[in-house]
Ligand SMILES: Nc1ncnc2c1ncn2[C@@H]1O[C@H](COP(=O)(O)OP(=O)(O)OP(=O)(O)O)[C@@H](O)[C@H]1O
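We begin with a single chain expressed as structure tokens, specifically the form predicted on its own.
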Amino acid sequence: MHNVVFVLGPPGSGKGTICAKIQENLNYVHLSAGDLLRAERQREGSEFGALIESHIRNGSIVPVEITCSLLENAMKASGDAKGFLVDGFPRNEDNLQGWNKQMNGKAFIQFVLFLSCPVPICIERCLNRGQGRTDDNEESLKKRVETYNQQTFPIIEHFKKSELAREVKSERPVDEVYADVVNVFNEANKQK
């Protein structure tokens, strides 16, 4: 059974940055749903490439079966990791239900790391990060923030109700955010 920590927050809240530090120091494997989808979109011969591209360009959510399959394959390929950071997933109720259906008995959700950050800061970060992503433009970002507010934030609220969400404010310097994240992981590991 794979240990999983979902990492959620608005676009530009620092999910990738924090996940890289956790992977480097805490022996969790970082799996970005978005990166897996972007890689699949570019993989020669992918039957899902055009569909994924269309969803990414429109700021909409890719069908859950595709995302779950990519995540599950990546977990299997990673061997005996301590756990997995699933970055940017589940993004809506359909994602959550699909995950529960497809990963039931295969993965244990330790907790949800919620990186909260004011939207104007997130948008500024995305526009200035220079990663060359096709969805890092103002029009796509507005759609992504709207999708986050309408579909992902209710998932975070769901996990808060079941006391699985751990909020860390991420508008601060990376080292301060990361120190709080380490505390969250230490607390979670004590409760096992």
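These figures come from a predicted structure and were not determined experimentally. Residue positions are given as counts along the sequence shown, with the first one as 1.
Beyond the structure shown, there is the form predicted together with this ligand, which is absent from this document and is the topic of what follows.
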Considering this ligand in the predicted complex, which of 43, 129, 160, 142 comes within 4.5 Å of it through any heavy atom? 129
Flag residue 174 as yes or no: does it have a non-hydrogen atom within 4.5 angstroms of any non-hydrogen atom of this ligand in the predicted complex? yes
Does residue 23 make contact with this ligand in the predicted complex, using a 4.5 Å heavy atom cut-off? no
Residues in 1-24 close to this ligand in the predicted complex, defined by a heavy atom within 4.5 Å, in order: 10, 11, 12, 13, 14, 15, 16, 17
